[in-house]
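Form predicted alone, single chain, as structure tokens, below.
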């Protein structure tokens, strides 16, 4: 039995992505119906829709249940920055789980970006998917040795990277940094359009959706069959349940998860009138400082900048309470790009989850057969969701991919952090 699922406020402010779509497709609630599936995914955000899509397209009769609107949670506050590099450097991860496992994990992230490219190409009208390179800058001279070590390990294992000196950075941008790794093969996307587009594609492949359906209990019979009951008395019976519920750990009996929830801030400018010649190839930009800043451009010449993470989970409510952070973000933008002075158009604060060992939580429930989790904690949530959907499909098929032990909920690395 699970406790009634509580709603969290995952973001506050004005979001940009929902303004890029007119009317989105809606789906009926479960109501008082009683239905049976092979798999049921709880959660209609990025991770849940991707999981439902992959399962349905693999011939597994699947339903996705969302208690609100599809893409109405953290997906709406996602900045659409898609990178194979992670908050935890591969070289740091190697110290934690061994070099071969760290390389395997980073390679899986790279493959996830390729999967996003494949899926994006299936969506009519497009999702503003664009290949980009990233500039990962040393925030200080003290950070140079670890960044150089990261470059050398990435290069040694065949990742498409370059090392840039301060003069090279200065020749391409109106700012300089002590050094930077350039990673190629990253991407940007409109996450809101992507989730709605992939949902429609999945529906065409037989995926069933129930919006505005609140699952209030989960019971398992002696033969391993799961019954999910909604607040309106409807039920779903299945062999496999996948929890893709984002940053709401109390729903998963918090002892399963060793994670912390923070809040972050972001803004989107009005379209810039200045030339982007000063922004080399519209690289995505981030840095070694923690918390770090990140920047990207959009096809309509807006700029997104975010960061300033704080160690408290609740997003700041009210424009005035967020003003100091948003002003600081805007100041950092204009310091780096003095000609980019278009004003702020959208700004928000959002809950941001991180695991203690820097890895997502993907895979089987250690205590319950036929129960799985797709929880993309960290700054690479979209990449983790793309990774999780295929891992979970393979597990449901009875396979145990090598990556599974690295991201499992009971992985050894959680006991050492």
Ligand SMILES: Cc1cc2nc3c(=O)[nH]c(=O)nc-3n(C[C@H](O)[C@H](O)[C@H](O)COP(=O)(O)OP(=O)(O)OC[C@H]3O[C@@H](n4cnc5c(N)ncnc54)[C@H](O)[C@@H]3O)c2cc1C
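From a predicted model like this one, the values you see are computed outputs, not experimental measurements. Residue numbers count along the first chain shown, from 1.
Another form, the form predicted in complex with the ligand, is not on view; read the next lines as being about it.
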Would residue 67 count as a contact of the ligand in the predicted complex, using a 4.5 angstroms cut-off between non-hydrogen atoms?
-> yes
So, in the predicted complex, is residue 315 in contact with the ligand at a 4.5 angstroms heavy atom limit?
-> no
If you check in the predicted complex, is residue 408 within 4.5 Å of the ligand, heavy atoms only?
-> no
So in the predicted complex, does any heavy atom of residue 264 sit within 4.5 Å of the ligand?
-> yes
Proximity to the ligand in the predicted complex (heavy atom, within 4.5 Å), stretch among 156-164, 137-145, 72-80, 121-129 | 72-80
Just give me the single entry in 30, 42, 388, 359 that has a non-hydrogen atom within 4.5 angstroms of the ligand in the predicted complex.
-> 42
Out of 212-232, which residues reach within 4.5 Å of the ligand in the predicted complex, heavy atoms considered?
-> 213, 214, 215
